[in-house]
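In the form predicted alone, a lone chain appears below as C-alpha coordinates.
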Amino acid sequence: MNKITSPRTKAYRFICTIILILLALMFLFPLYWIVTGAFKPGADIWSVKPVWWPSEWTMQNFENLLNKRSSPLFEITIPFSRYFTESGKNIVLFQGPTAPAAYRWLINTVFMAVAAMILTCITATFAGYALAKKRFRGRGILFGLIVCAMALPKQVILIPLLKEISFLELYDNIWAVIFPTVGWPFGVFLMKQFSESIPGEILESSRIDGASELKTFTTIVVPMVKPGIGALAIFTFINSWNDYFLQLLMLTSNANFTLPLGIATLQGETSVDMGLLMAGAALSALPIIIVFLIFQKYFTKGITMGAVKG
(Lines give C-alpha, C1' and ligand atoms only; values in the text may rest on other atoms or scores of the structure.)
Protein backbone atom coordinates (compact mmCIF):
# COMPACT_ATOMS: atom_id res chain seq x y z
CA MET A 1 0.00 0.00 0.00
CA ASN A 2 1.26 3.48 -0.86
CA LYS A 3 2.54 5.23 2.23
CA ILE A 4 0.96 8.56 1.23
CA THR A 5 -2.56 7.12 1.13
CA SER A 6 -2.21 4.76 4.08
CA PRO A 7 -4.89 4.93 6.82
CA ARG A 8 -2.27 6.05 9.31
CA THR A 9 -1.30 9.02 7.10
CA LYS A 10 -4.94 9.96 6.56
CA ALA A 11 -5.61 9.88 10.29
CA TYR A 12 -2.55 12.03 10.94
CA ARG A 13 -3.68 14.60 8.36
CA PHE A 14 -7.20 14.61 9.77
CA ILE A 15 -5.95 15.27 13.31
CA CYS A 16 -3.62 18.03 12.08
CA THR A 17 -6.48 19.66 10.17
CA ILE A 18 -8.71 19.62 13.25
CA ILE A 19 -5.94 21.14 15.39
CA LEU A 20 -5.29 23.89 12.80
CA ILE A 21 -9.01 24.71 12.59
CA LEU A 22 -9.24 24.99 16.38
CA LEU A 23 -6.16 27.21 16.50
CA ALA A 24 -7.57 29.41 13.72
CA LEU A 25 -10.87 29.79 15.58
CA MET A 26 -9.01 30.63 18.78
CA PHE A 27 -7.04 33.41 17.09
CA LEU A 28 -10.10 34.73 15.23
CA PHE A 29 -12.26 34.88 18.36
CA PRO A 30 -10.87 38.24 19.65
CA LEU A 31 -11.59 39.83 16.25
CA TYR A 32 -15.10 38.37 16.30
CA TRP A 33 -15.68 39.68 19.83
CA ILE A 34 -14.47 43.19 18.91
CA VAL A 35 -16.53 43.42 15.70
CA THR A 36 -19.75 42.16 17.31
CA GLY A 37 -19.09 44.26 20.41
CA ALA A 38 -18.89 47.39 18.27
CA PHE A 39 -22.57 46.85 17.34
CA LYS A 40 -23.81 45.83 20.80
CA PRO A 41 -25.82 48.09 23.12
CA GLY A 42 -24.30 48.93 26.48
CA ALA A 43 -26.39 46.33 28.33
CA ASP A 44 -24.94 43.52 26.22
CA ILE A 45 -21.37 44.76 26.61
CA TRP A 46 -21.52 45.08 30.39
CA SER A 47 -23.60 41.94 30.93
CA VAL A 48 -22.08 39.56 33.49
CA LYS A 49 -23.17 36.62 31.35
CA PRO A 50 -21.37 36.78 27.97
CA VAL A 51 -23.63 37.83 25.10
CA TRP A 52 -22.19 36.00 22.08
CA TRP A 53 -24.48 37.70 19.55
CA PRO A 54 -25.92 41.24 19.83
CA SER A 55 -29.48 41.21 21.08
CA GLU A 56 -29.97 44.44 19.13
CA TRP A 57 -27.67 45.73 16.39
CA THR A 58 -26.89 49.41 16.97
CA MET A 59 -24.67 52.05 15.37
CA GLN A 60 -24.61 54.15 18.54
CA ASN A 61 -21.02 53.23 19.35
CA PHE A 62 -19.81 54.46 15.96
CA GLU A 63 -21.93 57.60 16.31
CA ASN A 64 -20.27 58.31 19.65
CA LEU A 65 -16.87 57.79 18.08
CA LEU A 66 -17.58 60.16 15.19
CA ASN A 67 -19.54 62.86 17.00
CA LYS A 68 -17.51 63.49 20.14
CA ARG A 69 -14.88 65.70 18.48
CA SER A 70 -14.34 67.40 15.12
CA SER A 71 -11.24 68.49 13.24
CA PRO A 72 -10.18 69.68 9.76
CA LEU A 73 -9.89 66.65 7.53
CA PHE A 74 -6.42 67.72 6.40
CA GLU A 75 -4.10 70.72 6.41
CA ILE A 76 -1.36 71.95 4.09
CA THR A 77 1.19 74.01 5.99
CA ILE A 78 4.50 75.73 5.30
CA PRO A 79 7.24 73.68 7.02
CA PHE A 80 9.22 75.49 9.75
CA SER A 81 7.10 78.64 9.33
CA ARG A 82 6.35 78.55 13.08
CA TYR A 83 9.61 80.45 13.66
CA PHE A 84 7.99 83.50 12.07
CA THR A 85 4.59 83.41 13.80
CA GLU A 86 3.61 84.66 17.25
CA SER A 87 1.58 81.54 18.00
CA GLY A 88 4.51 79.23 17.31
CA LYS A 89 2.48 77.20 14.79
CA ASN A 90 3.12 76.64 11.09
CA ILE A 91 1.27 78.83 8.61
CA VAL A 92 -1.70 76.96 7.12
CA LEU A 93 -1.94 77.36 3.34
CA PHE A 94 -5.06 75.27 2.86
CA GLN A 95 -7.41 73.57 5.27
CA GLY A 96 -9.82 70.78 4.43
CA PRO A 97 -13.47 70.66 5.48
CA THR A 98 -14.37 70.07 9.10
CA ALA A 99 -15.13 66.40 9.75
CA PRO A 100 -15.26 63.99 12.70
CA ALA A 101 -11.84 63.87 14.34
CA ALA A 102 -11.81 60.08 13.97
CA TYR A 103 -11.51 60.51 10.19
CA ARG A 104 -8.48 62.76 10.64
CA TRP A 105 -6.95 60.28 13.08
CA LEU A 106 -7.55 57.42 10.66
CA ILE A 107 -5.90 59.36 7.82
CA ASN A 108 -2.92 60.15 10.06
CA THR A 109 -2.55 56.50 11.07
CA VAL A 110 -2.82 55.16 7.52
CA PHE A 111 -0.33 57.76 6.25
CA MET A 112 2.08 56.97 9.09
CA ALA A 113 1.93 53.20 8.57
CA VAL A 114 2.11 53.34 4.75
CA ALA A 115 4.99 55.86 4.74
CA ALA A 116 6.93 53.81 7.30
CA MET A 117 6.26 50.64 5.31
CA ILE A 118 7.48 52.10 1.99
CA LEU A 119 10.56 53.81 3.43
CA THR A 120 11.55 50.79 5.52
CA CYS A 121 11.22 48.40 2.56
CA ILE A 122 13.39 50.69 0.41
CA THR A 123 16.16 51.22 2.95
CA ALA A 124 16.15 47.61 4.20
CA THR A 125 16.32 46.20 0.66
CA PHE A 126 19.27 48.43 -0.24
CA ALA A 127 21.09 47.70 3.03
CA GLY A 128 20.36 43.97 2.95
CA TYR A 129 21.64 43.66 -0.60
CA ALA A 130 24.81 45.62 0.20
CA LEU A 131 25.56 43.50 3.28
CA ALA A 132 24.92 40.25 1.41
CA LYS A 133 26.62 40.86 -1.95
CA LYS A 134 29.11 43.68 -1.48
CA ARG A 135 32.53 43.23 0.04
CA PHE A 136 33.78 46.25 2.01
CA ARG A 137 35.81 46.88 5.13
CA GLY A 138 33.81 46.64 8.34
CA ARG A 139 30.92 44.70 6.77
CA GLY A 140 30.98 42.01 9.47
CA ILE A 141 31.16 44.55 12.29
CA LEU A 142 28.27 46.54 10.82
CA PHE A 143 26.10 43.44 10.50
CA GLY A 144 27.01 42.43 14.05
CA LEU A 145 25.85 45.83 15.32
CA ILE A 146 22.56 45.40 13.46
CA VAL A 147 22.03 41.99 15.07
CA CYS A 148 22.80 43.47 18.49
CA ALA A 149 20.34 46.30 17.85
CA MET A 150 17.62 43.69 17.25
CA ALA A 151 18.07 42.48 20.83
CA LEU A 152 18.06 45.99 22.28
CA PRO A 153 14.75 46.92 23.95
CA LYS A 154 13.11 49.98 22.43
CA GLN A 155 12.65 51.53 25.87
CA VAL A 156 16.43 51.88 26.21
CA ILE A 157 16.69 54.34 23.32
CA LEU A 158 13.49 56.34 23.95
CA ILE A 159 15.19 59.23 25.77
CA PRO A 160 17.99 59.66 23.17
CA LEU A 161 15.38 59.29 20.44
CA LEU A 162 13.17 61.96 22.00
CA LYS A 163 16.14 64.34 22.25
CA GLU A 164 17.04 63.70 18.62
CA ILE A 165 13.46 64.30 17.43
CA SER A 166 13.30 67.52 19.44
CA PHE A 167 16.65 68.67 18.00
CA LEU A 168 15.32 68.09 14.47
CA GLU A 169 12.18 70.14 15.33
CA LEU A 170 9.92 67.19 14.55
CA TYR A 171 8.26 66.79 17.94
CA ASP A 172 4.44 66.63 17.68
CA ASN A 173 4.76 65.91 13.97
CA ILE A 174 3.57 62.75 12.24
CA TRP A 175 7.10 62.24 10.87
CA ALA A 176 8.33 61.82 14.45
CA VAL A 177 6.75 58.34 14.51
CA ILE A 178 7.78 57.49 10.93
CA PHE A 179 11.52 58.15 10.86
CA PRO A 180 12.40 55.97 13.92
CA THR A 181 10.90 52.97 12.09
CA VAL A 182 12.80 53.46 8.82
CA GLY A 183 16.08 52.01 10.10
CA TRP A 184 14.45 48.88 11.54
CA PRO A 185 17.29 46.37 12.23
CA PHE A 186 14.99 43.39 11.74
CA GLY A 187 14.14 44.61 8.24
CA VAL A 188 17.81 44.83 7.26
CA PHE A 189 18.47 41.38 8.72
CA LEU A 190 15.49 39.87 6.88
CA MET A 191 16.43 41.35 3.50
CA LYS A 192 20.06 40.32 3.93
CA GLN A 193 18.94 36.72 4.36
CA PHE A 194 16.91 36.90 1.17
CA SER A 195 19.69 38.64 -0.76
CA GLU A 196 22.10 35.83 0.16
CA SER A 197 20.15 33.49 -2.15
CA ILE A 198 20.81 35.60 -5.27
CA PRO A 199 23.37 33.79 -7.45
CA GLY A 200 26.51 35.87 -7.88
CA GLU A 201 26.82 34.66 -11.49
CA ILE A 202 23.61 36.48 -12.45
CA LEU A 203 24.85 39.74 -10.97
CA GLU A 204 28.23 39.34 -12.66
CA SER A 205 26.67 38.64 -16.06
CA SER A 206 24.52 41.75 -15.67
CA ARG A 207 27.60 43.88 -15.08
CA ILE A 208 29.36 42.30 -18.06
CA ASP A 209 26.37 43.24 -20.22
CA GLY A 210 26.91 46.87 -19.21
CA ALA A 211 24.04 47.30 -16.75
CA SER A 212 24.56 49.94 -14.10
CA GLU A 213 24.43 49.10 -10.40
CA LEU A 214 21.00 50.71 -10.06
CA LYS A 215 19.61 48.86 -13.08
CA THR A 216 20.99 45.56 -11.76
CA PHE A 217 19.34 46.24 -8.43
CA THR A 218 15.93 47.20 -9.85
CA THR A 219 15.71 44.57 -12.62
CA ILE A 220 17.38 41.56 -10.98
CA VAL A 221 17.66 41.96 -7.22
CA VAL A 222 14.23 43.41 -6.44
CA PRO A 223 12.21 40.77 -8.39
CA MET A 224 14.20 37.95 -6.75
CA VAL A 225 13.65 39.24 -3.20
CA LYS A 226 10.01 40.31 -3.75
CA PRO A 227 8.64 37.68 -1.31
CA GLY A 228 10.88 39.12 1.40
CA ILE A 229 9.72 42.65 0.61
CA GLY A 230 6.09 41.52 0.88
CA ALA A 231 6.70 39.92 4.27
CA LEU A 232 8.61 42.98 5.49
CA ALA A 233 5.81 45.26 4.28
CA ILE A 234 3.27 43.48 6.48
CA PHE A 235 5.60 43.35 9.48
CA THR A 236 6.41 47.07 9.19
CA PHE A 237 2.80 48.15 8.66
CA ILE A 238 1.57 46.24 11.69
CA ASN A 239 4.54 47.33 13.82
CA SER A 240 3.97 51.01 12.99
CA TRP A 241 0.20 50.78 13.38
CA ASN A 242 0.42 49.18 16.83
CA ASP A 243 3.30 51.23 18.26
CA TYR A 244 1.06 53.07 20.71
CA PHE A 245 3.81 53.97 23.16
CA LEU A 246 5.92 55.82 20.57
CA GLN A 247 2.83 57.66 19.31
CA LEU A 248 1.92 58.64 22.88
CA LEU A 249 5.44 59.97 23.45
CA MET A 250 5.83 61.91 20.20
CA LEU A 251 2.34 63.32 19.47
CA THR A 252 0.48 65.80 21.66
CA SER A 253 -1.98 67.80 19.50
CA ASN A 254 -5.42 66.65 18.42
CA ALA A 255 -4.70 67.25 14.71
CA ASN A 256 -1.67 64.90 14.79
CA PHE A 257 -3.19 62.10 16.86
CA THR A 258 -3.33 58.59 15.46
CA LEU A 259 -6.54 56.58 15.78
CA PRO A 260 -5.56 54.56 18.90
CA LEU A 261 -4.23 57.70 20.58
CA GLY A 262 -7.28 59.76 19.70
CA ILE A 263 -9.70 57.12 20.95
CA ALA A 264 -7.84 56.99 24.27
CA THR A 265 -8.35 60.76 24.71
CA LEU A 266 -12.12 60.36 24.31
CA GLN A 267 -12.40 58.28 27.46
CA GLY A 268 -13.62 59.91 30.64
CA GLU A 269 -11.47 60.14 33.76
CA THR A 270 -13.80 57.99 35.89
CA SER A 271 -15.62 55.83 33.33
CA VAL A 272 -14.74 53.74 30.29
CA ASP A 273 -17.00 53.52 27.24
CA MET A 274 -16.33 49.96 26.12
CA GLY A 275 -18.67 50.30 23.14
CA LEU A 276 -16.67 53.26 21.84
CA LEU A 277 -13.41 51.38 22.41
CA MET A 278 -14.67 48.36 20.47
CA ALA A 279 -15.91 50.56 17.63
CA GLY A 280 -12.49 52.21 17.46
CA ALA A 281 -10.71 48.85 17.62
CA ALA A 282 -12.88 47.48 14.81
CA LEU A 283 -12.13 50.55 12.69
CA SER A 284 -8.41 50.20 13.47
CA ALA A 285 -8.34 46.53 12.50
CA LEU A 286 -9.84 47.11 9.05
CA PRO A 287 -6.72 48.61 7.33
CA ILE A 288 -4.50 45.86 8.77
CA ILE A 289 -6.80 43.19 7.35
CA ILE A 290 -6.80 44.91 3.95
CA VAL A 291 -2.99 45.14 3.87
CA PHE A 292 -2.64 41.49 4.86
CA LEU A 293 -5.06 40.38 2.12
CA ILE A 294 -3.07 42.37 -0.46
CA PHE A 295 0.34 41.01 0.58
CA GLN A 296 -0.63 37.57 1.91
CA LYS A 297 0.79 35.75 -1.15
CA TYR A 298 4.20 37.35 -0.67
CA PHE A 299 3.94 37.05 3.10
CA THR A 300 3.39 33.28 2.98
CA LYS A 301 6.10 32.78 0.38
CA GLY A 302 8.46 35.04 2.30
CA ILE A 303 8.01 33.16 5.56
CA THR A 304 8.54 29.75 3.96
CA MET A 305 11.56 30.91 1.94
CA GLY A 306 13.05 32.81 4.86
CA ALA A 307 12.86 29.73 7.04
CA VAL A 308 15.48 27.96 4.94
CA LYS A 309 17.83 30.91 4.44
CA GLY A 310 21.06 30.91 6.35
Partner chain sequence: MANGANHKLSRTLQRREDATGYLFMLPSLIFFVGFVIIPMFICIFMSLTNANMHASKEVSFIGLQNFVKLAKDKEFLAALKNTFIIVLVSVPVVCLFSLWVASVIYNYNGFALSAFRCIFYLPVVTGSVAVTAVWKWMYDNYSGIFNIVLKETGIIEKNINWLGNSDYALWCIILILLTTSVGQPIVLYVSALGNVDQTLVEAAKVDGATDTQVFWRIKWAQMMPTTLYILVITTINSFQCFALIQLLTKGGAGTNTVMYYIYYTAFKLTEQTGHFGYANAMGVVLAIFIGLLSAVQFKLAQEK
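Numbering follows the first chain given and starts at 1. In this text, rigid core is short for the largest set of C-alphas that superpose within 1.5 Å between two forms. These figures come from a predicted structure and were not determined experimentally.
There is another form of this protein, the form predicted together with the partner chain, and it is not shown here; the text below is about that form.
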query: The partner chain contact at residue 94 in the model of the complex, heavy atom, 4.5 Å; finding: no
query: 4.5 Å heavy atom contact, residue 11 and the partner chain in the model of the complex; finding: no
query: Residue 59 within 4.5 Å of the partner chain in the model of the complex, heavy atoms; finding: no
query: Close approach of residue 55 to the partner chain in the model of the complex, 4.5 Å, heavy atom; finding: no
query: Contacting member of 174, 114, 127, 220, with respect to the partner chain in the model of the complex [4.5 Å, heavy atom]; finding: 127
query: 76, 142, 118, 99 - the one with a heavy atom within 4.5 Å of the partner chain in the model of the complex; finding: 142
query: Any residue of 30 to 55 that, in the model of the complex, places a heavy atom within 4.5 Å of the partner chain; finding: 30, 31, 33, 34, 37, 40, 45, 46, 47, 48, 49, 50, 52
query: Core-superposed comparison between the shown form and the other one, residue 210 Cα displacement 2 Å or beyond; finding: yes
query: C-alpha of residue 57 off by 2 Å or more between the shown form and the other one on rigid core; finding: no
query: Exceeds or equals 2 Å, Cα of residue 47 between the shown form and the other one, core fit; finding: yes
